[in-house]
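Okay, here we've got a single chain as structure tokens, the form predicted on its own, with questions on binding and movement later.
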Amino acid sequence: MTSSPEREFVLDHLDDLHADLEAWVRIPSISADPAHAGDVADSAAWLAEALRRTGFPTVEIWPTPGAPAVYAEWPSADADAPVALVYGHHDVQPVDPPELWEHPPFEPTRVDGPDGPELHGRGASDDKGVLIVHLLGLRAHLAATGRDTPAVTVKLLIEGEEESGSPHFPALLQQRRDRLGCDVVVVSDTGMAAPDVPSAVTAMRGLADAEITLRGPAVDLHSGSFGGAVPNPLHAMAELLATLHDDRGRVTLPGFYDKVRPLSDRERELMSRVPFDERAWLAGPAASRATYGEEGFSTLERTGARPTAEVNGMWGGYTGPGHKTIIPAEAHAKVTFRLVSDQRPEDVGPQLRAWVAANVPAGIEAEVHTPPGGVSPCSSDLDSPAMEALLRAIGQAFDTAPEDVLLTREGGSGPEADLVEALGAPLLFLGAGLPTDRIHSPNERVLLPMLSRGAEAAAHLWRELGAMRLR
């Protein structure tokens, strides 16, 4: 390993990073649960104070009709310096089921893992751990360069509702557009391929969701008296959802693939470089017995670069103890669709309604509810100067050449496309999480050495972007 002033500063101040993260994880900022609204507000207040302590001269808490966001700005003394906006979120997922946690989810616990020390707790990785590296990274940048202000103007916009679908985020972007202008957006809500694999996410999928209701008889009926004589909504739902994919694993909605941008040979070659042990993946983070998906694509391509449809829940009739011999009046299902480049979430609702109408049997009435909004897919420009700066920064943090930093895709979704659309700036992803961090699951953890790498990469990024003069 080589050394650098940025690395030396980060390693000398890791206790600060760890203490801050542990304090933040203790705040149960679950945005999906109204009972935790006060905790989400406390989380925003904690972050605001931490940013002031770091040195940001402007720190504000921006209210929304839901949870508050935090805004901070540290201008560069150089009037021609680029402006970078860092996006992340301070809310976390619910902890259910609590009995599966090995340690209390909001009591951060150090654990010696096979790849080094870990911190366990809800939000340790997603997104408090991944985000907090910027506090130490900016301090390291200033110390290493001897500057009083950053080489770029650094802005932070940290929302409080990402884990609830960011319902008020687009409106917040429009309301605060005059404060958020930037030359590049840096998203810190992603990760890397493996602890020893320097990598950068280059795209995230979009998301559309829906709820399907099928109605049969006007009331629940006795299954002995009426069974076999009238349509059963649960039977109809099971048959309907069984045809959501064809025998090649492709989604059967009419027009679903019409706008899908095909993967280029270059993109497929870049993805093929990412080391991936499918058997270990199945036994580890996937916790599954076999792979499944669209024919003709690798597992990494399916999870990061191809659209999908998933049944998230299905219910109806009687599910209590014992038996209640009925034909239920209604059946329900929740489904979500992950979208890729050039697909739009607003197109999915009409496609789904047409598909349901064509596939429900006689005697069944169908209703499809698709909430407004959704999430559009987004991607980075692989050939932009900003991407070159990011790859150099990550390469320096991992002692490797920029061309050896691997490029991956994130299968999840977030409001990044809203940022790009509102601000018109190129998109970079700088994350320090791992696929094995169990985000959204019990026993979430973060590998602490990854946070030090992330802080160092952030420190290098500000210097690299400042030198490029993106304006």
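Given the structure is predicted, the values throughout are model-derived calculations rather than measurements. Don't overthink the numbering: it's just position in the shown sequence, from 1.
Beyond what is shown, the protein has a form predicted in complex with another copy of the chain; the following relates to that form.
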Considering another copy of the chain in the model of the complex, which of 266, 289, 248, 279 comes within 4.5 Å of it through any heavy atom?
-> 289
Single option in 390, 192, 187, 327 placed near another copy of the chain in the model of the complex, where near means a heavy atom within 4.5 Å | 327
Consider residue 257 of the chain shown here, and say whether it contacts another copy of the chain in the model of the complex, taking contact as heavy atoms within 4.5 Å.
-> no
Give a yes/no on whether residue 79 approaches another copy of the chain to within 4.5 Å in the model of the complex, heavy atoms considered.
-> no
Mark residue 30 yes when one of its heavy atoms lies within 4.5 Å of a heavy atom of another copy of the chain in the model of the complex, and no otherwise.
-> no
Exercise: residue 108 in contact with another copy of the chain in the model of the complex, heavy atom 4.5 Å | no
Segment assignment from 80-88, 396-404, 143-151, 333-341: heavy atom within 4.5 Å of another copy of the chain in the model of the complex = 333-341
Tell me whether 227, 242 and 363, taken together, all sit within 4.5 Å of another copy of the chain in the model of the complex, counting heavy atoms only.
-> yes
Between 304-343 and another copy of the chain in the model of the complex, list the residues on our side with a heavy atom within 4.5 Å.
-> 308, 309, 310, 311, 312, 313, 314, 315, 316, 317, 318, 319, 320, 321, 322, 323, 324, 325, 326, 327, 328, 334, 336, 338
